[in-house]
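Below, in structure tokens: the form predicted on its own, a single chain.
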Amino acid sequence: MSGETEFLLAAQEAALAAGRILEEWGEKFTVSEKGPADLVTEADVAAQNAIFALLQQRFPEHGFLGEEGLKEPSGAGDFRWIIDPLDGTSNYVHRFPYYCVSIALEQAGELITGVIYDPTRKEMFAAEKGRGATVNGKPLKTSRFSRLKDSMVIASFPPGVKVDSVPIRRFLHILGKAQTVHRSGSAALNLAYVAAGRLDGYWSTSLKAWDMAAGALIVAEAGGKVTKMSGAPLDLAVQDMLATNGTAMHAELSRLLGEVE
């Protein structure tokens, strides 16, 4: 993906700035008298403020939606940035290196730019509508496993999930049918990994728009498929998503997930 647009360049710059903030705050965890919950909130807000400041200065007419209470209406062009300054909060608190910054841009409801930055591995996943996806400038391509029994898939659960809940029963239903089933704690990185071919499928019914916006575009541009679990078109306003490598495994996984209600 050569000749990045000003939108993608700005998103990458903002993600890098936020990633630096998260790593700086992370170093304070072992020396601060504050508890981890207080520190992670401050880190989250500081990272989002940095993203907003940079993007709002560049694009003052654009709208914003961010996890930490950020909501600004859009002006000319109907552009809206969708921001998650820290996806994988529990991992971050425990210094488990699987968390990221996620930034997407939509125009009139269509995703056109997306970046996911992993500050622990210094990996920048990026995509623009119709121009493919990359990681650190190298093209991304989803895996080609077409059968669930050969695939590594992953799921997200809502906070406080109950043992006998539908999300757990779906997880167990797939457990014996896929080669491997995981739970990681970062929706955005899960999507980035599907795009990179490191995972073959991912599902959840507990995501917000900022969890999936950038990743949904990156997966699609890497050759994958992103829908609701039923196979219906994805809706960022609905907490229901299935992302796969785009093979026949998508329909198989959709069917199996639908068997559990």
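The numbering used is simple: start at 1 and walk along the sequence shown. No experiment lies behind these values; they were computed from the predicted model shown.
Keep in mind that the form predicted in complex with a small molecule is not shown, yet the notes after this line are about it.
For the residues Ala127, Ile116, Leu105, Leu86, the 4.5 Å heavy atom test against the small molecule in the predicted complex is passed only by Leu86.
A heavy atom within 4.5 Å of the small molecule in the predicted complex is found for exactly one of Thr134, Ser151, Thr142, Ser156: Ser156. Only one segment in the set 71 to 79, 163 to 171, 106 to 114, 88 to 96 has residues whose heavy atoms sit within 4.5 Å of the small molecule in the predicted complex; it is 88 to 96.
Although the partner is absent here, Thr227 lies well away from the small molecule in the predicted complex, with no heavy atom inside 4.5 Å. The small molecule is not drawn, but in the predicted complex it has a heavy atom within 4.5 Å of Ala187.
Contact annotation: Asn49 falls outside 4.5 Å of the small molecule in the predicted complex, judged by heavy atom distances.
Proximity of Leu207 to the small molecule in the predicted complex: non-hydrogen atoms within 4.5 Å are present.
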